[in-house]
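Quick heads-up: it's one chain on its own, the form predicted on its own, in structure tokens.
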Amino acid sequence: MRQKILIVFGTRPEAIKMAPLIKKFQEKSEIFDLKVCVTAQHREMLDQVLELFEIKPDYDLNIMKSGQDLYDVTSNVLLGMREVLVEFKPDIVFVHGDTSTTSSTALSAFYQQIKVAHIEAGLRTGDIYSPWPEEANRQITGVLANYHFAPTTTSQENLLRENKEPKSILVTGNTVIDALYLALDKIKNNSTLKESIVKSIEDEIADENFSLDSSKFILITGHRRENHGQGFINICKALKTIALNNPNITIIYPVHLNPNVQKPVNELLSDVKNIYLIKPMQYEAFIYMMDKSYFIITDSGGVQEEAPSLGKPVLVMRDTTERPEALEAGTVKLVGTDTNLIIQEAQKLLNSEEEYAFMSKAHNPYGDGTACEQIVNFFRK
């Protein structure tokens, strides 16, 4: 009898990191009966990834509503998953990372006494309010999970300190690298797709003097809840100063749809001529932008893992990170939301070839793109 596998996710980053795992399980359909459930915690950005990787969910909870908060997301996922689990009766439920979808799904599976496999397990800052609510989500999921797929040995050590069974932990690298290589390969081998990506980005920027292939630009992303309010105001002040001090450098900022991000960014940066505020990009376009950028300033977890594979330095707008391996390797630096520190470290990368070379050539600690194959093989055995 085939093992019944249910893979659940709700946000764009989760979809990106779970997509290659879905593909690997689909290749072994004689062994695994796979179904995919999306909660649509993020609707529009999630759908972009589903389309790119040609994934058709078997279940769609479609929970996203205007003005939803963490209470809404948690309760709606918990109740929605009850119906899915009762109908499909999976042997194992796969969740990813640290979203409210992740912790709520794990709890729902626990209530049905169904085993939980946690992808990207063991990341820790040790402070449940940083990042918030992600650190608590991942710790809750870790308590409920039966299988822990850790991206690094540091994550494995965190799990062992929490008394997880050693045989329940497998160090695989991060599935985001699998997804990155899949997307890059797709772009490389499809000239029509590449031309479409370049055209869509350059049309959005709408400056005849800008070229993705030849212009020197800094790529920005930001969305974390803990940075809302004064944090984003500080970030915008830093970006404005960097832009004004370096008129020959372009700053491109795909602005997250959250109003808490849109408001300060548009108010403070829309009148700076070498800063381009554009709509959030589809995954393959964002990957291409990362590959063409000079360096990246972000508060994203996934970017901290992806950028080193592309040789791109990263300044992380957070005070803590659950990805210390990148810090130790030298591929990223923490700058928080300190305006002066963001300016200082960005300027250092722009002015110092030595500093840039050190960060861009540092070893990527997040794997070789075989994480999903290792996870599937674990369950084949």
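Numbering starts at 1 and follows the sequence shown. Bear in mind that the values here come from a model prediction, so they are computed numbers and not experimental data.
There is also a form predicted together with a small molecule; it is not shown, and the following applies to it.
Residue-level question: is Thr99 within 4.5 Å of the small molecule in the model of the complex, judged on heavy atoms? Result yes; Thr99 sits at the interface with the small molecule in the model of the complex.
Would Asn364 count as a contact of the small molecule in the model of the complex, using a 4.5 angstroms cut-off between non-hydrogen atoms? Contact with the small molecule, no.
How about Arg43 - does it come within 4.5 Å of the small molecule in the model of the complex, if we only consider non-hydrogen atoms? Arg43 belongs to the contact set for the small molecule.
Taking heavy atoms and a 4.5 Å cut-off, does Lys115 contact the small molecule in the model of the complex? The answer is no: Lys115 has no heavy atom within 4.5 Å of the small molecule.
May I ask you to choose, among Lys216, Lys186, Arg82, His256, the residue with a heavy atom within 4.5 Å of the small molecule in the model of the complex? Selected residue: His256.
Between the options Val73, Ile169, Ile197, Leu182, which residue brings a heavy atom to within 4.5 Å of the small molecule in the model of the complex? Contact residue from the list: Val73.
Given a 4.5 Å cut-off on heavy atoms, tell me which of 240 to 248, 132 to 140, 265 to 273, 87 to 95 is the interface stretch with the small molecule in the model of the complex. Going by heavy atoms within 4.5 Å, the stretch is 132 to 140.
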